[in-house]
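There is one chain below, alone, in structure tokens, taken in the form predicted on its own.
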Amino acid sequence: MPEKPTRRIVLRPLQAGLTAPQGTALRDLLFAQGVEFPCGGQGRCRGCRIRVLDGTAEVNAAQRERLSAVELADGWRLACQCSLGDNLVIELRQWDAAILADDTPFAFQPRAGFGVAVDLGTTTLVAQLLDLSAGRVLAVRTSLNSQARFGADVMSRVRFAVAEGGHNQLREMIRLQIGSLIEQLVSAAQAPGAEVQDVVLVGNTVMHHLFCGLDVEPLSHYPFESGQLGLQTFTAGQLGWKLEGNPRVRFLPCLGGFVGSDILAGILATNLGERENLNALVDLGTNGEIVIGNRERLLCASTAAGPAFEGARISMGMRASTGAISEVKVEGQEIHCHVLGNVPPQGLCGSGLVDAVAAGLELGRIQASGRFSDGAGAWALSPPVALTQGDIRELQLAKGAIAAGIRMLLERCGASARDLERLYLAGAFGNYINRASAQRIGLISLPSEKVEAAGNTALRGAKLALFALDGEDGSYARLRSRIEHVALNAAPGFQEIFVEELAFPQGTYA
């Protein structure tokens, strides 16, 4: 088979250039560049708008429904609905939009200079440079967390820091990497002499401790609690960053042993603490963080979901990158697999795993117990990629932990799932997971219309913190006083509920 011709895409305002095979979905290319797809790439919103400045991009029914005739004529497109058919120069709407949404509880107070928001994840880093006088994102940089060479998950990092004396190495490594990203942001914005006034970082508790130089030993063993969860403040110079004006650097406070400042930022981004009715925020990852509550009371918890949602411990699991099966759809009695990057399949990422099991349940190939109906040990999805019995078990453990955590917090609120007004799914996985599939496997027991993919709420909350009201130093003491951390591992009845949630529900797609 002849190779597909290569096409080039130039991104503005970054002026970054990418190449990929003709036919590659734009969302596969742009997600890695920090572009968010609020509806998970389903064409149900306008959040991934781009403007084609040079070249052509197709228009389909979803775009005609969401974009006006004038917008289409002006070159506006939905990135999630387009593929790379021609060389393109595009303008990324997200990086040209006002940062604060209309429903934010924070007043916008213009400031001179620039600010930087950083989402320090276990796997990836995302940083954005903002013009504080106008509240506009000027540049975005993403990178894999360089600490990953010492372990893909947080507990591997903790073991390296504690048992092997690697704490200082991990601290200096991540500080150097983030400092370099900030330098790249200033350079990309073509404002090398501009002063960065403020830097806000958010991340899980382990990332918070490693960056700030705090002892992670208490997080290495039961009860996995630390006494150093608060706001940490530095100057750029203290971190070894050579930035004009020596700006302050704040790492927002954490909420519990494994409930970090990324979840505090998520509460800010979704306005959870100001809502009258009961709402929930769920961040799906190796540690699934859950927040349920309203303006009177918020409960938060972390549950060891395991790495299945990120493709780890899956026989052919991989990150959501080129070659990963990210979607599995039922068509009649057959399945159709979507592969990221428009290349032959190489593995299965988290969203594809959830889809595959949901499809297997729908087609009767997988029983409620999780066993294959025909007694086979594997199911070929798109050769050479197959779903194994062990893969299903890993997903059961992950979804069982999340579902049990949601039930426990709801019970403490004296409520049930039907009392939730909305459930926000945060993070990259939450953005791409098919809500019907999540419901089918029992991960979420709400109707699809009550579930909203909220995108990178951690980064959005960090940006809001750059524009906090006068008198707010980043500790968010008043908000945190209304948040109760629930240690699920010590909660009576949690194990029983967890076992109940391991089975898949009977039924069909909602």
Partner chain sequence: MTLFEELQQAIIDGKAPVAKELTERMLKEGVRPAEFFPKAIIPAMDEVGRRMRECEFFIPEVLIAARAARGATDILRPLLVGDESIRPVGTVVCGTVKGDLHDIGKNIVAMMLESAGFRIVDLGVDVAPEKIIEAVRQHQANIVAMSALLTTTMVNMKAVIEALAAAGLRDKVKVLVGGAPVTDTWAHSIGADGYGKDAPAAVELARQLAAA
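A quick note: this is a predicted structure, and the numbers were derived from the prediction, not measured. Numbering follows the first chain given and starts at 1. Here, rigid core means the biggest group of C-alpha atoms that superpose within 1.5 Å across both forms.
If you look for the form predicted in complex with its partner chain, you will not find it shown, but the lines that follow are about it.
Contact annotation: residue 22 falls outside 4.5 Å of its partner chain in the predicted bound form, judged by heavy atom distances. Within this chain, residue 159 lines the site of its partner chain in the predicted bound form, having a heavy atom no more than 4.5 Å away.
Proximity of residue 66 to its partner chain in the predicted bound form falls within the 4.5 Å heavy atom cutoff. Looking at residue 221, you'd find a heavy atom of it within 4.5 angstroms of its partner chain in the predicted bound form. Heavy atoms within 4.5 Å of its partner chain in the predicted bound form are found in exactly one of 235-243, 382-390, 71-79, 109-117, that being 382-390. Listed residues 155, 181, 132, 125 were compared with its partner chain in the predicted bound form; 155 is the one with a heavy atom within 4.5 Å.
Proximity to its partner chain in the predicted bound form, defined as a heavy atom within 4.5 Å, singles out one entry of 228, 187, 177, 369, which is 369. Contact annotation for 487-505: residues with any non-hydrogen atom within 4.5 angstroms of its partner chain in the predicted bound form are 489, 490, 495, 498, 499, 502, listed in sequence order. Once the cores line up, the CA of residue 377 ends up 2 angstroms or more apart between this form and the one not shown. The Cα shift for residue 449 between this form and the one not shown, taken after rigid core superposition, is smaller than 2 angstroms. Shown in the overlay between this form and the one not shown, fitted on the rigid core, is a CA shift at residue 66 of 2 Å or greater.
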